[in-house]
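One chain comes next, on its own, written out as structure tokens in the form predicted alone.
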Amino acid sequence: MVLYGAIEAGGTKFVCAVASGPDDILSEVTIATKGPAETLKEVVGYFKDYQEKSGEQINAVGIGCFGPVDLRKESGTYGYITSTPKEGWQDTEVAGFFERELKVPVGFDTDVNAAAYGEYLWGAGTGLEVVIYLTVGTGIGGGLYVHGKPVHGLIHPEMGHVIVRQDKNKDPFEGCCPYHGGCLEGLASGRAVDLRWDCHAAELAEDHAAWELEADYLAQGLINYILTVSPERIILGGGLMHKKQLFPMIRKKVQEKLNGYILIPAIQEEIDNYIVSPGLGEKSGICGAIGLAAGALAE
């Protein structure tokens, strides 16, 4: 049996799994994100321990990693976390470390690209050519798959940092992005909600004014993506999207803000099937990492 190691590497936790496929996860563990040396050693230890106890060999590893990361394979820092705001993790080698320690091929991409890949292969993006996965949590990030390939360029898409309009009379909050202030992440991330209202987002009632504002900013972001890359489906995941009242609010605002410019049934008549929650639930990232591992083994 071919076994894959899968890593969903986040700034708060690393979710690690051993699987033969998305429907056959044999082992899973969550490891708190500490310093890079300690965390990576602990993750490698998990896989080595699994191999020793099971007597089975992991054939490849897939990693969806927080970033920014270097995805240029010709680069001397390919597979590194680069200019991350996560303290202590700047210029950390990730992909090469696991390749050396486990002596297997490693597939590597951003955490949101991995989640997008999982949804493209087995979730809400199955059978489509252009799919966006946007995670709305502590931060905001997006992954874009076109014809089965993730979009990479100078680095990778940073969809959370598009600029949106802000009415300072309604929302005087300065934004929490240290680079751009009032970008989408700066105004609509979980951290922005917490700071703006001086409490955790989970504590806010469903009819709180926060959600109308949140839906407006997210709708603006989605319109930017609709008008630039023309996705066939937009998948919204992350902690804030557990607030299910946001989905109908966002869909309505997208339609209002497009104002009839995109005359497509998917948006005008079937928007409930156009802006959707992840088909894989909380498993988008780890399933995408399984897909990355399978791809690395096939190369």
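The first residue of the sequence shown is number 1, and the count goes up from there. From a predicted model like this one, the values you see are computed outputs, not experimental measurements.
Another form, the form predicted in complex with another copy of the chain, is not on view; read the next lines as being about it.
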Residues 86, 137 and 204 all lining another copy of the chain in the predicted bound form, heavy atom within 4.5 Å: no
Which of 205-213, 156-164, 188-196, 101-109 sits within 4.5 Å of another copy of the chain in the predicted bound form, heavy atom basis: 156-164
Residue 220, heavy atom within 4.5 angstroms of another copy of the chain in the predicted bound form: yes
Heavy atom of residue 93 within 4.5 Å of another copy of the chain in the predicted bound form: no
4.5 Å heavy atom contact, residue 266 and another copy of the chain in the predicted bound form: yes
4.5 angstroms heavy atom contact with another copy of the chain in the predicted bound form for residue 66: no
Contacting member of 245, 230, 51, 27, with respect to another copy of the chain in the predicted bound form [4.5 Å, heavy atom]: 230
Contacts with another copy of the chain in the predicted bound form - residues in 108-133 whose heavy atoms fall within 4.5 Å: 129, 130
